[in-house]
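Only one chain is shown below, in structure tokens, and it's the form predicted alone.
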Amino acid sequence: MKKLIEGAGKLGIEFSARQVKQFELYYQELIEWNKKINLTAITDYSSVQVKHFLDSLTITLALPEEEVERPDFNIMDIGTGAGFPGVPLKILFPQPRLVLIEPTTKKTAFLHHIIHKLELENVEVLNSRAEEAAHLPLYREQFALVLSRAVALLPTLVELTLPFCQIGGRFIAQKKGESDQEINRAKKAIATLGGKLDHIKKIELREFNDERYLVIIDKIYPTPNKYPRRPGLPRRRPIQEVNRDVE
């Protein structure tokens, strides 16, 4: 895990021996399960360390450690796939409650397996669409931090994520490449869903050969009850200036 350890050091992260072993086991299980189900196109040892593990941990650049240590701090990862970014963050921060939402049943089987293998506690895997789970009282506006990586464009993404954020919480989207236009198109959705764009943080690590950003959105007022709309609609008809925001 040399590349991960070196890159994490630049983020101010120092792993314990147990955490290094957990990441090593995560890699081994990911590759083994990837032979049976499609979890990732990135499989070589160095690339997984950087493009999955280290990339997930860049979230810490927008996450004060004292906040993570609060007893009521919790995390939701939407469309987590093989567990990114939620599981690497859980390895780093063992205490917070983590809920992983993944609609693909085969992927949730892997998530249950890897949580058991890594001996992670206080983790829930939810085999559901975000549009449906967001209307359940157990999850709606219950999370201090909501994450999503490589799921959808931002106008769609904020409708899938902000309903889970508690007032005073935040949503962090991981984005690659030029994102100004995407962010501008999402302004109406952010406001409609109860959010406010806090700032955009560029990831400046030499390990990445492309531009990566964290888009940080604060939750400042409740999401109207009608959002998110029914499954599929946020993607087909995102809330933005060029179209209507209701059916």
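A residue's number is simply how far along the shown sequence it sits, counting from 1. Treat the numbers as computed from the prediction; the structure is a model and nothing was measured.
Another form exists, predicted together with S-adenosylmethionine; not displayed. Remarks below refer to it.
Residue stretch of 135 to 143, 115 to 123, 68 to 76, 81 to 89 approaching S-adenosylmethionine in the predicted complex, non-hydrogen atom distance within 4.5 Å: Careful reading of the contacts points to 81 to 89.
Non-hydrogen atom contact residue 151 with S-adenosylmethionine in the predicted complex at 4.5 angstroms: Within the cut-off, so yes.
Contact test in the predicted complex: residue 104 vs S-adenosylmethionine, heavy atoms, 4.5 Å: Yes, residue 104 sits close enough to S-adenosylmethionine in the predicted complex that at least one of its heavy atoms falls within 4.5 Å.
Residue contact check: residue 172 to S-adenosylmethionine in the predicted complex, 4.5 Å heavy atom: No.
Partner proximity in the predicted complex: residue 229 to S-adenosylmethionine, non-hydrogen atom cutoff 4.5 Å: Heavy-atom contact with S-adenosylmethionine at 4.5 Å: absent for residue 229.
Residues in 126 to 145 with any heavy atom within 4.5 Å of S-adenosylmethionine in the predicted complex: Read in sequence order, the residues that approach S-adenosylmethionine (within 4.5 Å, in the predicted complex) are 128, 129, 130, 131.
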